[in-house]
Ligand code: TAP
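Quick setup: one chain, the form predicted alone, written in structure tokens, and binding and motion questions come after.
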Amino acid sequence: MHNNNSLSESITALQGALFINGQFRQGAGPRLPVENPATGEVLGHIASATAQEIEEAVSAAHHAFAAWSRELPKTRASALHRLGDLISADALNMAQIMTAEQGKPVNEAKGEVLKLAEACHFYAEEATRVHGEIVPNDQPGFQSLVVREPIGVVAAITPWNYPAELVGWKLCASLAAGCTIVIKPAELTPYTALAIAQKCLEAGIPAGVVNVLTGQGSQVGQALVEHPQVSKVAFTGSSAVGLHIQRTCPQVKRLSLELGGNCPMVVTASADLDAAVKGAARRSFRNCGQICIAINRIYVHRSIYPAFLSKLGAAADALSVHNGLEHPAADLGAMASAEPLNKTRAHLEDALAKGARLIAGGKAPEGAEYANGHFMRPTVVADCTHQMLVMSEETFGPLVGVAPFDDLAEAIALANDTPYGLASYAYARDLTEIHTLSAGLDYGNVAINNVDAGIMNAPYGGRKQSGVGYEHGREGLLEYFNFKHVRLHHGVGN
């Protein structure tokens, strides 16, 4: 059970705060409410950053870049290790802040905070391993050195579904590379980002290296996209907003856009059925399906289709849904706001109207506990076709559509029938099927016989409308560097 007092104190300390040039200050702009999605109560308010505050934050980051970019990699690494340790030590408090504003159960939120700490340590290690290369020339007396230099000021615009990790990937890579950063968190989940800023302050990260501005994306985020001193925009969010960012940059900027998905899972006749059901239940419904790599749609070989449906229905019905603060170990908490809940309901109604069968869920859980929050039971619909929204659009909610297939080529064609290409999943034990699927699925991430499509030390990114650029791994760090070719004539040997 959470301690209400410590949580309200934590949030009170962050009311209306902006973090600019190493200091928390009260924002001058109008206030926006932040709600607890499980109860509908207003937790507090944030400040909408004004044009002057945005200017001060970018200016602070620009000024700090001169020294931070020249700092020894080992010094930057030490700062990131300190940050990771401070975050780990306060993980429960940070998790409760996240649950209060985002809805996911506290235990799950704590796991996310610990993964943020892991990102700090991973990028700290990477910071000291940024190597250049020497390229042979085609004539004697010359040497070509290729060196990597940090890009400059990064604007990180982050979403509400993973309010710690998706800040962390950008923050840690920026700091490791020698960039400085201005973070604009989602207006639904701003306190988690401000709590991270508190840790940056405690870790002794120099003033101006990390800044946090709150407010609406259409105003504050857009101002950062358009700011001439912002050299790179790192965005995670919807494909529509990602495309808008790409279109509205007034000057050429480096972009990392991690956008939507519409992730399929293929279950072949050779699959371990119980493992496939367990994976499907986890990746369809974790965080209420509010995850870019959630399974949206499942294609199951006809021979095991009825068995798969009954087992997945039972697995969905067995999941617990509760207020995530009151029940830290619940499987699902509240959805983050009315918007994803309404979209989930619309996709469900559309599927049922077009002939889908309801296997599990389909409505909000009943009882006084759920009356004022954004709750939905995990929902499974069967006999789906690509005429249904659940199969053709990203739902971003606890709803999954299932359809049968007869041959593998058909399943791969259906899986690839989407403008998105972030993650895909497959369960199969036949080696030919495994290799056919991994070669045929047109996705940046393919997870076979597991549903954890990303790990910290391998590149994570999408294809097609799912974005450009990579996070994680050394590839994620290289997104924050420019390359410089130094061609030297030393005259030795000619």
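In case it trips you up, residue 1 is the first one in the sequence shown, and so on. Because the structure is predicted, anything quoted here is derived from the model rather than measured.
Below: the form predicted in complex with the ligand, not depicted.
Although the partner is absent from the chain shown here, T158, K184 and E258 each have a heavy atom within 4.5 Å of the ligand in the model of the complex. Put simply, G221 is close to the ligand in the model of the complex: some heavy atom of it is within 4.5 Å. Put simply, F285 is far from the ligand in the model of the complex: not one heavy atom of it is within 4.5 Å. The shortest heavy atom separation between A315 and the ligand in the model of the complex exceeds 4.5 Å. With a 4.5 Å cutoff on heavy atoms, N416 does not count as touching the ligand in the model of the complex; it lies far away. Checking V380, L166, V267, A100 for any heavy atom within 4.5 Å of the ligand in the model of the complex turns up a single hit: L166. This chain appears without its partner; in the model of the complex, the one residue of A195, A281, A77, V241 with a heavy atom within 4.5 Å of the ligand is V241. Note that among 121-129, 203-211, 158-166, 347-355, the stretch whose heavy atoms approach the ligand to within 4.5 Å in the model of the complex is 158-166. In the model of the complex, no residue of 315-352 lies within 4.5 Å of the ligand by any heavy atom.
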